[in-house]
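Okay, here we've got a single chain as structure tokens, the form predicted alone, with questions on binding and movement later.
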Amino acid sequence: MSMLSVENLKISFKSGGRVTEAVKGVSFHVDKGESVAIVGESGSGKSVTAMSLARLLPRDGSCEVSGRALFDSEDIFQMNPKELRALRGGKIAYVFQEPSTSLNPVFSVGEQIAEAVRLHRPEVKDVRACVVEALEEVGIRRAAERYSAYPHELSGGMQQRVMIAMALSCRPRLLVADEPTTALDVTIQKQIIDLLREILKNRGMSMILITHNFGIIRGLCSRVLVMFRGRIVESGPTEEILYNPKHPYTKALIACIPRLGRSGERLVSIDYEKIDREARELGYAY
């Protein structure tokens, strides 16, 4: 049985009397110890799908969510507030793409991680030592000193490492990384991806990686889900998707990846009319 099973997930937003369908009947699963990438352009429905897994979407009537999301056979959408508090951070943890907006500027990074530890791991006696250990695990040097640092005193890469430390400090079973390298330069991107790969290997935990970049998933994720206009249009093992894509949209995304040694060529733009035409010819339903 899968650790996480999402069944016929639909998400819509209401604004100004209009209803916009962001996710249109998505189903997928994540097994224990598995890393799954959800790939697609901005607006394809990736992030709202991920946020729905811990019920982080607005609950003011502007957003409607239906379907089921089963975590260890328990439906997240039916959980009460107490169960949700235990789930968020304790079982499913998030790392978002903008660490500078995720961290509170008026508290030290150590205290922010400590707050999560106190909430989800009450058995921990020495919280400070636990936080320092978490910072060391993500490669932050002089971790004991960094405990007292404020977010603005750290670089973007260091802030993202703090966010990963915060997510991992509560020993979650599933890590959801939503575009964790987007705001970072290429060198730091590689460091963060290498860090995630090492942590997943050492802990045997599961991960959902949300990204628009096919270039970062090889060697990190075993399976890929390709989202287009709120639907999963293709899924399969990473190597199969990268080297033998079937759906026209997947082919178009892969064709957009810059390649070394081809500096004289123009980057390929996605032709949506062509994608729609070819998808219909191949029998894909929209």
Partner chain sequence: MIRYALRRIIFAVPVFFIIITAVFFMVRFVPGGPFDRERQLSPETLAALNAYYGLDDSLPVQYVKFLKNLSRGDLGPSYKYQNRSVTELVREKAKVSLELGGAALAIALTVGLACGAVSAMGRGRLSGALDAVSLAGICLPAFVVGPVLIWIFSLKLGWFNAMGWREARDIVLPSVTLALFYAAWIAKLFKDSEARELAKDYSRTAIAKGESPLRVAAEASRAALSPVVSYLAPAAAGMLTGSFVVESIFNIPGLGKFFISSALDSDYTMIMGCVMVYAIFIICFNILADIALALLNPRVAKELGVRK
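Source: prediction; values computed, not measured. Positions refer to the first chain, counted from 1.
The discussion below concerns the form predicted together with the partner chain, not included here.
The partner chain in the predicted complex is approached by R85, whose closest heavy atom lies within 4.5 angstroms of it.
Proximity of L103 to the partner chain in the predicted complex: non-hydrogen atoms within 4.5 Å are present. Contact annotation for K125: none of its heavy atoms lies within 4.5 Å of the partner chain in the predicted complex. Contact annotation for M51: at least one heavy atom lies within 4.5 Å of the partner chain in the predicted complex. None of 68-76, 134-142, 201-209, 92-100 except one has non-hydrogen atoms within 4.5 angstroms of the partner chain in the predicted complex; the exception is 92-100. Contacts with the partner chain in the predicted complex, taken as any heavy atom within 4.5 Å, map within 104-134 to N104, P105, V106, F107, Q112, E115, A116, L119, H120.
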